[in-house]
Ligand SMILES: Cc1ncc(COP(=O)(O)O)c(C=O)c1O
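A lone chain, given as structure tokens: the form predicted on its own.
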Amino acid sequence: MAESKRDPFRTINPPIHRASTVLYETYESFLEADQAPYHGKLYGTFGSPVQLELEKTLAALEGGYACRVCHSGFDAIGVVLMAFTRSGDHIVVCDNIYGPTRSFCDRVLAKYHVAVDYIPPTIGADIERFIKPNTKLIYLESPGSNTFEIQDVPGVVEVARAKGIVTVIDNTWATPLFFKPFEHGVDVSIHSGSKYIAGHSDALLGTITTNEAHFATLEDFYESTERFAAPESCYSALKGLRTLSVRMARHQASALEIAKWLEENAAVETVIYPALDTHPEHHLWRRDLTGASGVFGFILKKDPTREELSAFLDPMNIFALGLSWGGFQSLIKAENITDRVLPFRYHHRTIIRLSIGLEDVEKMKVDLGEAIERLA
């Protein structure tokens, strides 16, 4: 039977290719695939079409030169720290960083004789006093995802540029929508794509975007260690990007309403949210960012015991107890931060962190209000 002529099978999103082997029509096309600049068609670990599409989209959204994606946010952090340092180097790292980043610095970089100093999480142009002749990298997280301090990024970058030091920022909290690091002179931007970018708590992904001057260094290490992300995770993240602006508008509006509502609760001592004018670095948030995500914390006037926290958290209905954030489901956790090197504002205080999801705001207020009443 003769085959009928059909239109090509076209879809809105790129297909997922589950493959290790890439086939070539000719020997010449095989040789061409292995030439620089690399185009991602040599072997299954070198980037599927859906990964390349995601990287292209993220680089454009964040305003960088090019992007590479990894297995997880932590994987992206490790790739950057290894790619831009070598034995004998010194780096400075903000003390409000994601816990596993600190572990990587202390346990892995130290093993390869990279010296690490932790600096105040509200650092700006005064970073100059922490710089040494062998300082090669400055690592920022602004706002921090547990205590929400904001750095004066332009002030840091001005000093770093003058001294030829690479600046890196974990931009996960703000997303590419609310902070454009390359407009402020940052060299490398990292995201946990598992959070707001994918947006549905069903994918593990890390993203690294650089300016043109630093992409070759990243690419060399990235390809040498084969840190390529799974096609399924790339597909989830690419779908998530389609709705990122809509979701972030909802996260922001709900979080701001709940943060203001918590400020009025007699049992609450302080709400830690950069979008509130009570936040110590609110002026930097207003100057440098164009919005706020749905993750923030608050502290109760009476610090709860472990038993009281169980009574507070266990019966909640809307807020689920869990790590990570940035998905449609509202999350809550309580923690006394103990891994800091330097004194900080909320030392020895229990911070209750919320990730405001997409549920009804009034139902979230009821859930939180009843939890606070249980403590009383």
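Keep in mind that what you see is a predicted model, and the values were worked out from it rather than measured. Note that residue numbering follows the sequence shown and begins at 1.
Form predicted together with this ligand: not shown, discussed below.
Asker: Within 4.5 Å of this ligand in the predicted bound form, heavy atoms considered, which of T210, S194, S293, Q151?
Answerer: So the residue touching this ligand in the predicted bound form, by this definition, is S194.
Asker: Out of P181, P121, G73, G199, which one falls within 4.5 Å of this ligand in the predicted bound form, going by heavy atoms?
Answerer: Exactly one residue meets the criterion: G73.
Asker: So if I measure heavy atom distances to this ligand in the predicted bound form, which of the stretches 230 to 238, 141 to 149, 259 to 267, 158 to 166 falls within 4.5 Å?
Answerer: Checking each option against the 4.5 Å cut-off leaves 141 to 149.
Asker: Would D187 sit within 4.5 Å of this ligand in the predicted bound form, counting heavy atoms only?
Answerer: Result no; D187 lies far from this ligand in the predicted bound form.
Asker: Is there any non-hydrogen atom of Y98 lying within 4.5 Å of this ligand in the predicted bound form?
Answerer: The answer is yes: Y98 has a heavy atom within 4.5 Å of this ligand.
Asker: Evaluate L204 for contact with this ligand in the predicted bound form, applying a 4.5 angstroms cut-off between non-hydrogen atoms, and reply yes or no.
Answerer: Output for L204 is yes: heavy atoms within 4.5 Å of this ligand.
Asker: Can you tell me if I127 lies within 4.5 angstroms of this ligand in the predicted bound form, counting non-hydrogen atoms only?
Answerer: Although this ligand is absent here, I127 would stay clear of it in the predicted bound form, with no heavy atoms inside 4.5 Å.
Asker: Where, within 157 to 186, is there a heavy atom within 4.5 Å of this ligand in the predicted bound form? Residue list please.
Answerer: Counting only heavy atoms within 4.5 Å of this ligand in the predicted bound form, the contacting residues of 157 to 186 are D170, T172.
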